[in-house]
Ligand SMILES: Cc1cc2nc3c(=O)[nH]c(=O)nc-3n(C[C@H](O)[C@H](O)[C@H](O)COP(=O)(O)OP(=O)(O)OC[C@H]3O[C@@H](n4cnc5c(N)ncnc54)[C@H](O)[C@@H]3O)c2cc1C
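Okay, so here's just one chain, in structure tokens, the form predicted on its own.
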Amino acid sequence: MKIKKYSIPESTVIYKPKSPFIARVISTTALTEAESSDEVRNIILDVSGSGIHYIEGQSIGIIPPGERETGKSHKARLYSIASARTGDDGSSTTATICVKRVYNEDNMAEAKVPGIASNYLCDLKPGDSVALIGPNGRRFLLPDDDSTDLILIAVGTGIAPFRAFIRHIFLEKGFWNGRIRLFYGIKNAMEALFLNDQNDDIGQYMTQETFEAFRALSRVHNEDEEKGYVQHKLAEHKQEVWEMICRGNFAVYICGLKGMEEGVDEVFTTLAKQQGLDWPTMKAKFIKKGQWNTEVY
């Protein structure tokens, strides 16, 4: 039997590429610190009058202006919604996304080419208009049972939907009876989105009894920092994580770069093997029940 998850409001309007909603930029602020080599921005969009009613775990698409070389419009780029359902201001008329400015390698020219969607979004100013589609997604949603243990695993901007989860749970709902464990992999502390000196939207809830967050830094600058990836931090807490899995009332959520899945699977494969169990078989069962959820790109 599948676990029951939050229901998407039947009243919500869903916008398609041929008829997008024109949203307005309310604000755009840096999530990474000034010294960071990467730029990630927190962009709040005004969706008032759209009829959109999203919930945590869904995404919206942004259509960059202009055309491709074929003469067709640019395709929509999906971004996980980083705000809880009432928005960052509690009005239920805004949606927040976090966007990393991306440069792609041009092997022919041996140069870096600005990513069309990310650079368009990072260059936006308050008051600018944005073509928006969605909301999309029916799988990456929270369990309806708040006694469910949550294991959240993210790298980079994959933290976005988990920021929405945490804000909904502790700011809107007010509690969660199950344990919540967040494992987050980033390059360095300055790029720990929503968990750094620039913005601590997630870190402020570390005082909650059921919530803990663990950062894995792949590049360290101080002797007191330990270098590692998200799977290494997961392995450090393998005893509690495996106990949560064995208890049965759990849901795992993985979001970020596709390559992260291999390292996560290696951790669980080792844990299962120690108990004489086959991880691929277990994982397939969890996926079918809605307990193993991935959003990777």
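All residue numbers are counted from 1 along the displayed sequence. All values reported here derive from a predicted model rather than from experimental measurement.
Although not depicted, the form predicted in complex with this ligand is the subject of the following passage.
- Contact annotation for residue 148: none of its heavy atoms lies within 4.5 Å of this ligand in the model of the complex.
- Residue contact with this ligand in the model of the complex: residue 80 places a heavy atom within 4.5 Å of it.
- Using a 4.5 angstroms threshold between heavy atoms, residue 115 counts as touching this ligand in the model of the complex.
- For the chain shown alone, residue 92 is not a contact residue for this ligand in the model of the complex, no non-hydrogen atom being within 4.5 angstroms.
- Looking at 127 to 135, 172 to 180, 204 to 212, 155 to 163, the stretch with residues near this ligand in the model of the complex, meaning non-hydrogen atoms within 4.5 angstroms, turns out to be 155 to 163.
- Contact with this ligand in the model of the complex, judged by any heavy atom within 4.5 Å, is made by just one of 195, 186, 98, 142: 98.
- None of 218, 104, 73, 86 but one reaches within 4.5 angstroms of this ligand in the model of the complex through a heavy atom, and that residue is 104.
- Although this ligand is not shown here, in the model of the complex the stretch 246 to 271 places heavy atoms of just one residue, 257, within 4.5 Å of it.
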